[in-house]
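Below, in structure tokens: the form predicted on its own, a single chain.
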């Protein structure tokens, strides 16, 4: 290997009987990176994490940590620690005793144990909680103690398996920011498993989107959201409209035809599509706008889509209003318009409208 990564997976496969849980996954995770494995339940993300930790062994392929091939090395011999959704704190021990437990099992000198426990308690801003029992702590505080217990061992990589899943929504959002700030402070590699798209986008430097044991795309949050590689990624990350189309041209520009016969251009087409193929146009609701019929420009730019529709539903959600619009072939799309004008005349159900978007935001994907 020409470069040493914090963690590298090379063509890793994991089978349980006839079930392939992880299917030829290769990943390179950098030092000091907050890297998330994101996907629906059963996609293989937790199995991947457990193989890095040493709780499961690959059926084939290789796992390296800091350039060192792990082979069949057991979990307690690997330079990683894991934080689970169930924090597994010992209820009869104080916070300090919970954090110190692992070091005491390794016969670490008492003075060093005391010093390192104090350091990590300050790191997670719970220095005043050292003598409390876990039942005296809130869910967020217990989560931070579980992190402190993992960090006190100074792992080269910290593995986190949906550690915020047991928290309520408001606390979970607050802890996302705290956890990212903590990772930046300590500077070690975090590998984080989650099924929550917003959580991954909020905290990650890069994300691997998985489904059915396969990695569909790896990239930073903006790339994953703005430039999904295929329909699964576009559908799983955020909200997306999929409009059935036929590919009319790929050069010099990408042109597709909607079911209504209207033609629009697009900014990107998935590899493998050819002229004449059926496909879908993917466009985010917030990238779209609505115009009244009399606002339709007489000489529009070729990069501006203008498609006839009829408003069929309005849902006010505070920051914006979700407008459901039926296109000429009956396909319904959602257009999200921010509520920024006081006294603005709202659209009415049944009203004709022009749905518009910039071609650069449209991606043509396989069905």
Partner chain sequence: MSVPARFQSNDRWQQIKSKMGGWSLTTYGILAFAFLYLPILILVIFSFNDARSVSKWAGFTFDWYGKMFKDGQILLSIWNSLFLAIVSTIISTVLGTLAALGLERYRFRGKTAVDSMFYLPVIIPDIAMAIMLLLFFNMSGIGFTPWKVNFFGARLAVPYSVIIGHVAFNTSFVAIVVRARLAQMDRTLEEAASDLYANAWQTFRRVTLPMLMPGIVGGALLAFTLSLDDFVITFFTSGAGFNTLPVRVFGMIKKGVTPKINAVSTLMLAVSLTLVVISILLSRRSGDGDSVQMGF
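Positions refer to the first chain, counted from 1. Just so we're clear, the structure is a prediction, and the values are computed from it rather than from any experiment.
Another form, the form predicted in complex with the partner chain, is not on view; read the next lines as being about it.
With the partner chain omitted here, the record of contacts in the predicted bound form names 70-78 of 70-78, 245-253, 216-224, 232-240, defined by a heavy atom within 4.5 Å.
Although the partner chain is omitted here, in the predicted bound form all of 89, 106 and 153 have a heavy atom within 4.5 Å of it. Site annotation in the predicted bound form: the residue of 174, 130, 275, 93 reaching within 4.5 Å of the partner chain with a heavy atom is 93. The partner chain is not shown here, but in the predicted bound form it comes within 4.5 Å of a heavy atom of residue 55.
Contact check for residue 149: a heavy atom falls within 4.5 Å of the partner chain in the predicted bound form. Contact annotation for residue 310: none of its heavy atoms lies within 4.5 Å of the partner chain in the predicted bound form. Although the partner is absent here, residue 170 is not a contact residue: none of its heavy atoms lies within 4.5 angstroms of the partner chain in the predicted bound form.
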